[in-house]
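Given as structure tokens, the chain that follows is alone and in the form predicted alone.
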């Protein structure tokens, strides 16, 4: 990444630059020097706003996690049959992933090397457990197949959703839009998970 001179910057624009550099170089491979060059500001200017790169990592990951946990508070995730709530959570998870692509990409790449990364991994597991519980309720209601273990189904579901970070690039000619991708995820996943109706 080349140095870009900026006249002004905000904590939000600094965070966006940090996320870009973390995703490009890896968190462990990123120094404050890399961040200052990419932001076009001095290291001391960065330290004026944050204690260090781990604080930037925590802010970025928090943004992704807040989006995901916010889904669980939406009416569509709280009201109705478990299968409908699960479909809502699945669709919205794909939508949040695409809307916050760089931040969720970073969240999915943490490996537990720092306190912040371990915290993020624990929060991700908590989110996964809540979705797995919803999946179990939908199966208990008779709406989902019972011949696929709920934890396995949850992992496969998130595997499909999380793979979006590897190939989804908004604005590329001919690429599917976010709504189309989210709908395809729901249709594909639930075609295999729902109890067949005759």
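These figures come from a predicted structure and were not determined experimentally. Numbering follows the first chain given and starts at 1.
Missing here is the form predicted in complex with a further copy of the same chain; even so, the following discussion is about that form.
Visitor: Non-hydrogen atoms within 4.5 angstroms of a further copy of the same chain in the model of the complex: do 147, 156 and 187 all have one?
Guide: Looking in the model of the complex, the three residues 147, 156 and 187 all sit within 4.5 Å of a further copy of the same chain (heavy atoms).
Visitor: Tell me, out of 83, 96, 110, 77, which residue has a non-hydrogen atom within 4.5 angstroms of a further copy of the same chain in the model of the complex.
Guide: Of 83, 96, 110, 77, the residue with a heavy atom within 4.5 Å of a further copy of the same chain in the model of the complex is 83.
Visitor: Quick one: does residue 166 come within 4.5 Å of a further copy of the same chain in the model of the complex, counting heavy atoms only?
Guide: Looking in the model of the complex, residue contacts with a further copy of the same chain include residue 166, since a heavy atom lies within 4.5 Å.
Visitor: Can you tell me whether residue 160 touches a further copy of the same chain? I mean in the model of the complex, with a 4.5 angstroms heavy atom cut-off.
Guide: Looking in the model of the complex, residue contacts with a further copy of the same chain include residue 160, since a heavy atom lies within 4.5 Å.
Visitor: For residue 181, is any heavy atom within 4.5 Å of a further copy of the same chain in the model of the complex, or not?
Guide: Taking the distances in the model of the complex, the answer for residue 181 is yes, it comes within 4.5 Å of a further copy of the same chain.
Visitor: If you check in the model of the complex, is residue 142 within 4.5 Å of a further copy of the same chain, heavy atoms only?
Guide: The answer is yes: residue 142 has a heavy atom within 4.5 Å of a further copy of the same chain.
Visitor: Just one of 22-30, 147-155, 38-46, 59-67 has residues with a heavy atom within 4.5 Å of a further copy of the same chain in the model of the complex, so point it out.
Guide: The contacting stretch is 147-155.
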